[in-house]
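One chain comes next, on its own, written out as structure tokens in the form predicted on its own.
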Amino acid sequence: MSDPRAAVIRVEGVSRWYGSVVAVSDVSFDVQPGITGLLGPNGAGKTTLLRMMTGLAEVSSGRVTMFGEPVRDNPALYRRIGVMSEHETVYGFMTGRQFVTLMGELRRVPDLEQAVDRAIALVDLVDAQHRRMDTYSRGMRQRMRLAATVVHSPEVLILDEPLNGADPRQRVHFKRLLQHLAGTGCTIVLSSHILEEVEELADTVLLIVNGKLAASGGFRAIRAALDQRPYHVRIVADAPRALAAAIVGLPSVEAVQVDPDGALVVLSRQVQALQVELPRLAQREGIRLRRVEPLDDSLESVFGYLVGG
């Protein structure tokens, strides 16, 4: 358990449900200064959790505090937080500078012009600040949104899927920018459904699956937790019985069954190894693979993490 004295954010036994649908179930963790990655498949409950952490959504049970204070209905605390949602919320008819200025005005930032200059320079968009935002690339809009998020110099940044839609060059720039902000003492929580993104950025990773905290720790601990979990993988091939006879000998395979429709269902605790071994085996046996897909309810994105997708 992390040291509560060092925790900037504490989430204690938090649940959130909508009627009979449980979005988040009894989640507890601490967030210390630095970058914390909230990792999980789409629909795992990450956005709901982030909304409760920022006070935008009420908890059904449990407690969320930031700097030792409750986050819900706490306007003074909100001045210390910057939030960037997953959905793109920009006005295309505005220039980048007008957009950042508007966000600063809403937050009553003192010395507004200097604050806007500083925020835009931080995201390296000084040359584009007087262009309309509907002329920006997706990555540029994300960076200008980040400028608007940090114009009031928040102590905590909450970012929901900030790298979505960015091209590789923009991703590199954005990652360096977040690392710079963390180096200045800012506490950053970002969500992602891609393990490699979180690996490159986060000091601590929180794995959310089906609304629950499945694992937490450094990248290696999360990778180990994922590798240890048994997964069912469905394989469609031209010669299923011949493939089944060959695949059962792979070290990554624990069990194989052939469905009535001829597809194989493989149980594996080493999906990453299976991803490497399976094509080699099929090529050696002269068998054509037509489809390889996960069967577990929460596995789709996790499978992608493990096979490098």
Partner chain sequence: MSAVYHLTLRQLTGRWRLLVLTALSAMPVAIAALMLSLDRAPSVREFEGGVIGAMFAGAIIPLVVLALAGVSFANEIEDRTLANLVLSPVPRWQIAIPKLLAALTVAGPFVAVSAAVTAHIAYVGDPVATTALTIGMLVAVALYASLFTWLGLVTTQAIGIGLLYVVIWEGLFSGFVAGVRLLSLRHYALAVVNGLDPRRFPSLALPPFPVVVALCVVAVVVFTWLTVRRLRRMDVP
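What you see is a predicted model, and the numbers here were worked out from it, not measured in a lab. Between two forms, the rigid core is the largest collection of C-alphas that superpose within 1.5 Å. Positions refer to the first chain, counted from 1.
Missing here is the form predicted in complex with the partner chain; even so, the following discussion is about that form.
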Does the partner chain come within 4.5 Å of any heavy atom of Val256 in the predicted complex? no
Taking the shortest heavy atom distance, is Asp127 within 4.5 Å of the partner chain in the predicted complex? no
Is the gap between Ala239 and the partner chain in the predicted complex 4.5 Å or less for some heavy atom pair? no
Heavy atom to heavy atom, is Glu58 within 4.5 Å of the partner chain in the predicted complex? yes
Val209, Ile235, Val83, Met133 - the one with a heavy atom within 4.5 Å of the partner chain in the predicted complex: Val83
Taking 4.5 angstroms as the heavy atom distance cut-off, pick the stretch from 198 to 206, 119 to 127, 178 to 186, 99 to 107 that is near the partner chain in the predicted complex. 99 to 107
Is any part of 70 to 90 within 4.5 angstroms of the partner chain in the predicted complex by a non-hydrogen atom, and which residues would that be? Arg72, Asp73, Pro75, Ala76, Tyr78, Arg79, Val83, His87, Thr89, Val90
CA of Gly183, rigid core aligned, shift of 2 Å or more between this form and the one not shown: no
